[in-house]
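For reference, the chain that follows is the form predicted alone, supplied as structure tokens.
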Amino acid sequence: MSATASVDWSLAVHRTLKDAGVKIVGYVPDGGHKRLIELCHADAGMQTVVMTTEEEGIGLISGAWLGGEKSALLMQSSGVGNIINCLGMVAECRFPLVMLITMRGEYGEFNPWQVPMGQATQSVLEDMGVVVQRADAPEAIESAVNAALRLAYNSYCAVAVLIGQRVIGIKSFQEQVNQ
């Protein structure tokens, strides 16, 4: 996995969010989204909101929509379990929701705690009525995000783009200790 691929998809996603009129980006800090988060922070036309837990993001996107703004949530697959109950409100109220989710617990995972939710993320989201699209290669991410934004904001539904672990790279225990 080259750093260039990571930068390329992050730049493309940032441009896609901007072109779609996304003004607010909520996130829980995540290494897989690091470059995208930096780009959103540097963009004077976007407001970034760091969250302590993912379910705060559902309130953020709901409030943004009611205030006339488009938003997106960035999270890791392990955080999906935190928003399940809140997704009921999104479905009932028909708020558009776009989630960009970096996957863990997949290809080459070193942390056993990441595996259960990583393996369940797609089916759990689908069970809650979320449309799920996967992007397992850097070149697939931009079009998946563009399609997700169009679907969510034209159909008032929840859409998740799952960015595969092969794209964000495999972490190791030693990398985590050294950070």
Partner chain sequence: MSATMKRRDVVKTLLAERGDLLVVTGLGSATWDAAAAGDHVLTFPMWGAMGNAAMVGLGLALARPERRVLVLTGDGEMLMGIGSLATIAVQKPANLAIVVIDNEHFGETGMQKTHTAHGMDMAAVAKGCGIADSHVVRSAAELPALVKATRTARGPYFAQVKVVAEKLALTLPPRDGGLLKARFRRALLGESADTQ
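Predicted, not measured: the structure shown is a model, and the values here were computed from it. Numbering follows the first chain given and starts at 1.
One more form of this protein, predicted together with its partner chain, exists but is not displayed; see below.
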Of 115, 137, 147, 50, the only residue with a heavy atom within 4.5 Å of its partner chain in the predicted bound form is 50
Would you check, heavy atoms only and a 4.5 Å threshold, whether residue 69 touches its partner chain in the predicted bound form? yes
Tell me, yes or no, whether residue 142 is in contact with its partner chain in the predicted bound form, where a contact means a heavy atom of each within 4.5 Å. no
Given that the partner is absent here, does residue 30 sit within 4.5 Å of its partner chain in the predicted bound form, heavy atoms only? no
So, in the predicted bound form, is residue 125 in contact with its partner chain at a 4.5 angstroms heavy atom limit? no
Any idea which of 31-39, 55-63, 129-137, 115-123 reaches within 4.5 Å of its partner chain in the predicted bound form, heavy atoms considered? 55-63
In the predicted bound form, residues of 99-130 near its partner chain [heavy atom within 4.5 Å]: none
